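A lone chain, given as structure tokens: the form predicted on its own.
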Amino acid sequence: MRTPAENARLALLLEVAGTPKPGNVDRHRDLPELRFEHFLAGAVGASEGLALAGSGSPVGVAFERAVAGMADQGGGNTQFGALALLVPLVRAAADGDRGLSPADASRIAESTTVADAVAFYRAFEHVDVFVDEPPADASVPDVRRGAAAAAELTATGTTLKDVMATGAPRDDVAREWCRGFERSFAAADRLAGADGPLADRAAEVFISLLADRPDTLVASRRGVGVAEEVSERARELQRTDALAEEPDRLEAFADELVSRRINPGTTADLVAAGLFVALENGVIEP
């Protein structure tokens, strides 16, 4: 039986193997600066941090270690957002019996500390992560300050959950922390209900999640209008059942987003989290 950390690593590998995932690296598509092999290396590099989470280490420590290992490849940031979801989920799975619930994940999020927040900020020093400009009235320091924000975080007693709550209106990874990882668990249910090889199911669920809600990374980088356009295109493909009946149309959409450099990376992060939940709960099996 695989450990939670091993299931998390497998989830990262299955996520990037799924194709087509419009705008994202997959086994058929690279980006100019980021290739399929970088994601494979990132998943392997994150193993030590995931193992720390699985052995009961604090979430912040495990996350920083996972990010540092993930970054030890030539492409830069491959799975920062996915790890921000996977580390607390692995920690929750390790705490209980087999079987992971939203309540388990929420309990871990609520139990995070100031030290976890400090480690989370330090993780931004290991790799270049796109971060939108914080609001002028933000109640927590800009994460791009890294370790330099430690004193302020400590003085204000800001926990990692507090940091995520501040980011939740603009970032769907942070939003998961505040809403019981609801889309991660929904993705797991969809994966269990789909047919075929797991990598193909991952691609199908990616489209369904993108159709549900505009990708927040796209919204931050390219604007809300572009994010909504991409989400509507995904809904249109779902209505015509393109995954089964019009594969060329879906492939063309994937190629178009790559050429336009539109990267729905947050949606891919949610797929990785859903794969982990489904693997951990035994509802899918490679």
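Values in this document were obtained by computation on a predicted structure and should not be read as measured data. In case it trips you up, residue 1 is the first one in the sequence shown, and so on.
Keep in mind the form predicted in complex with a further copy of the same chain is missing from the figure; the text below concerns it.
- Of the heavy atoms in residue 262, none are within 4.5 Å of a further copy of the same chain in the model of the complex.
- Proximity of residue 73 to a further copy of the same chain in the model of the complex: non-hydrogen atoms within 4.5 Å are present.
- Although the partner is absent here, residue 27 sits close enough that one of its heavy atoms falls within 4.5 Å of a further copy of the same chain in the model of the complex.
- In the model of the complex, a further copy of the same chain lies within 4.5 Å of some heavy atom of residue 44.
- The single contact residue among 198, 114, 164, 127, judged by any heavy atom lying within 4.5 Å of a further copy of the same chain in the model of the complex, is 198.
- Note on contacts: among 61, 224, 252, 40, the single residue with a heavy atom within 4.5 Å of a further copy of the same chain in the model of the complex is 40.
- The candidate spot formed by 190, 207 and 282 is out of contact with a further copy of the same chain in the model of the complex: none of the three has a heavy atom within 4.5 Å.
- The stretch that touches a further copy of the same chain in the model of the complex, counting heavy atoms within 4.5 Å, is 31 to 39, out of 254 to 262, 213 to 221, 229 to 237, 31 to 39.
- With contact defined as any non-hydrogen atom lying within 4.5 angstroms of a further copy of the same chain in the model of the complex, the contacting residues in 1 to 28 are 1, 2, 6, 9, 10, 13, 14, 17, 26, 27, 28, given in sequence order.
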